[in-house]
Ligand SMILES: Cc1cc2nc3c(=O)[nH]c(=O)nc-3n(C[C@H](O)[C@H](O)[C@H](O)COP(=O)(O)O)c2cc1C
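One chain follows as structure tokens, the form predicted on its own.
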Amino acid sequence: MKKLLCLLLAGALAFSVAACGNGAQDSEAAEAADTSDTAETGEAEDAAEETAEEDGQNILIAYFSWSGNTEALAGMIQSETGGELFEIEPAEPYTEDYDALLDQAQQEQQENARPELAAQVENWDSYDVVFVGYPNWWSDAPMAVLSFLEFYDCTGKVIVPFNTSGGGGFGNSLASIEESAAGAEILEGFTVAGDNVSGAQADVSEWISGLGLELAQ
């Protein structure tokens, strides 16, 4: 009888120990899973923050260029900012004859014309900052540039003008840009004589550095 009782007690003790062991293992597994989930969540959040820092502001570099000088300047800006290039082109191209071009540009200004454009930016809303470049025509921006700005809702955008000229700088164009880009914040622009564009990279870099933009890293 005593032997039987001892055997029963031993069996109960062994079962209890096994149950405790399994419970401890289950608890450790649960804690490990929780730790793993927490680590993965933290890593995901860190990765998202790093991506946001690397992405910076979405930048568009829109430009109108007749002689190629403004196009070259736009390329320098792209090399500094990583922005997307977009060429502003009228549906009916301007003449290649310089004297005839001057007459056409002056007539458009007198009529306050808004030439139809060949293409539009498909994802305008995705851009935070828009650089807008153009040559100085009769102390103002070409009317095609104003057509471009007025086609979109510029509210909340940051507009950064840049300009090439024969020596007249921005002329009266900044007032036109501000009026056509209603609701936008206009930052300090950059202007350079057309003959000096090829050597302007260092000046462009310094100008952009002073704008306080959030550039992609």
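Since we're looking at a predicted model, the values are computed, not measured. The first residue of the sequence shown is number 1, and the count goes up from there.
The form predicted together with the named molecule is left out here; the points below concern that form.
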| query | finding |
| --- | --- |
| Non-hydrogen atom within 4.5 Å of the named molecule in the predicted complex for each of I88, P115 and S173 | no |
| Stretch in contact in the predicted complex with the named molecule, which is absent here, among 80 to 88, 130 to 138, 117 to 125, 143 to 151 (heavy atoms within 4.5 Å) | 130 to 138 |
| Partner contact for S65 in the predicted complex: the named molecule, 4.5 angstroms, heavy atom | yes |
| Contact of A105 with the named molecule in the predicted complex (heavy atom, 4.5 Å) | yes |
| Any non-hydrogen atom of G156 within 4.5 angstroms of the named molecule in the predicted complex | no |
| G183: touches the named molecule in the predicted complex, heavy atom cutoff 4.5 angstroms | no |
| Interface residues of 173 to 199 toward the named molecule, as seen in the predicted complex [heavy atoms, 4.5 Å] | G194 |
